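First, one chain by itself: the form predicted on its own, in structure tokens.
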């Protein structure tokens, strides 16, 4: 299976797009990409540089690896603009550092309500404030343009949901799913949709005989960790902000519709209508999972705060859970040893 989507060089793609359109960096699934798209801007989710040379001079040692990597990317290769979301204290402060250190044309931070499932009026007003500020930079964003952009994004996410549905019936390599998802967050949605339709027609489902796993966390910076996990088990579902948390749709073609969409996204940085442990229990049953791996970044307070309650919920319902806390210096062999032991325990 050699669909164009799985062989695409994203960096070359973006280098070409820079010649014809403005590109904004963003860092969170709560970013209103549809508004940027309606303004003729390409929003690109930044996953970060593998080599840290400049960022360490701007950040404390206790900042997570993701913050260091994305700052390095911005310092090395500036964008036309940047949009931050106050997802955690580190990213809020990173927004300040970015604005001070990087001279891009537009810089904004959305401050969302912590109880995003309750604050619909505030959330809609904040999205409206962001839109009006963007119009000063990019020109008027019409209601028609916004509706069209929401429709384009919904079409793409509907296809991504089909991809996740396919995983229930067989196995698709996690590194392949990761590439498809990250491409969706980096390409023009119309172009990604064309390639995604082709991919879904060609993708072949593999059989599974090893333990089926759910992977939960924030951002998978290095896809090699997925390959290590799948040496011993098979990832049948992910609860990642660069994965399934990105799949919900805007049912209304308006800013309020985008706000409503956010209320259905399960993120530990924003309270949801039910505990996330129960959500993972339900997904484990839906995807016939044998166990759950919590893949957490060291110093990621929102995910670490909820880890105990998640493990307790999973244990209560008979699902074993392995917690892995990673940083840039983590040895792959240490990770491999723990995953191998965990999967052997599941098989036993």
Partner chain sequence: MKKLNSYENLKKLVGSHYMQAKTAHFFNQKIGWVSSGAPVEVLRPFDIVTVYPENHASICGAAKQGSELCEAAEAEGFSRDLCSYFRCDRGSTLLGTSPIGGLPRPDFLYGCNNICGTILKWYEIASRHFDVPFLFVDTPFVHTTMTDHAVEYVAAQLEEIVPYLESLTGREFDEQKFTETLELSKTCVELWKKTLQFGAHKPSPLTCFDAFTQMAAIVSLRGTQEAVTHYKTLNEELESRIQKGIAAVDNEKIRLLWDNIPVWYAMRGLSELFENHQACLVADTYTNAWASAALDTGNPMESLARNYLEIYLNISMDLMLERIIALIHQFDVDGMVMHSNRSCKPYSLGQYDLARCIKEETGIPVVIIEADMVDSRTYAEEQARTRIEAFLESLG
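Numbering follows the first chain given and starts at 1. Since the structure is predicted, the reported quantities are computational estimates derived from the model, not experimental observations.
One more form of this protein exists, namely the form predicted together with its partner chain; it is left out here, but the text below deals with it.
Among the residues 210, 147, 168, 93, the one placing a heavy atom within 4.5 Å of its partner chain in the predicted bound form is 93. None of 221, 230, 178, 108 but one reaches within 4.5 angstroms of its partner chain in the predicted bound form through a heavy atom, and that residue is 108. The stretch among 160 to 168, 133 to 141, 241 to 249, 85 to 93 whose residues place heavy atoms within 4.5 Å of its partner chain in the predicted bound form is 85 to 93. The candidate site formed by 115, 125 and 129 is fully in contact with its partner chain in the predicted bound form, as each residue has a non-hydrogen atom within 4.5 angstroms of it.
Heavy atoms of residue 37 never reach within 4.5 Å of its partner chain in the predicted bound form, leaving it off the interface. Using a 4.5 angstroms limit between non-hydrogen atoms, residue 298 touches its partner chain in the predicted bound form.
Among heavy atoms of residue 52, none comes within 4.5 Å of its partner chain in the predicted bound form.
Heavy atoms of residue 290 never reach within 4.5 Å of its partner chain in the predicted bound form, leaving it off the interface. Contacts between stretch 279 to 310 and its partner chain, counted in the predicted bound form as any heavy atom lying within 4.5 Å, involve 298, 299, 301, 302, 304, 305, 306, 308, 309, listed in sequence order.
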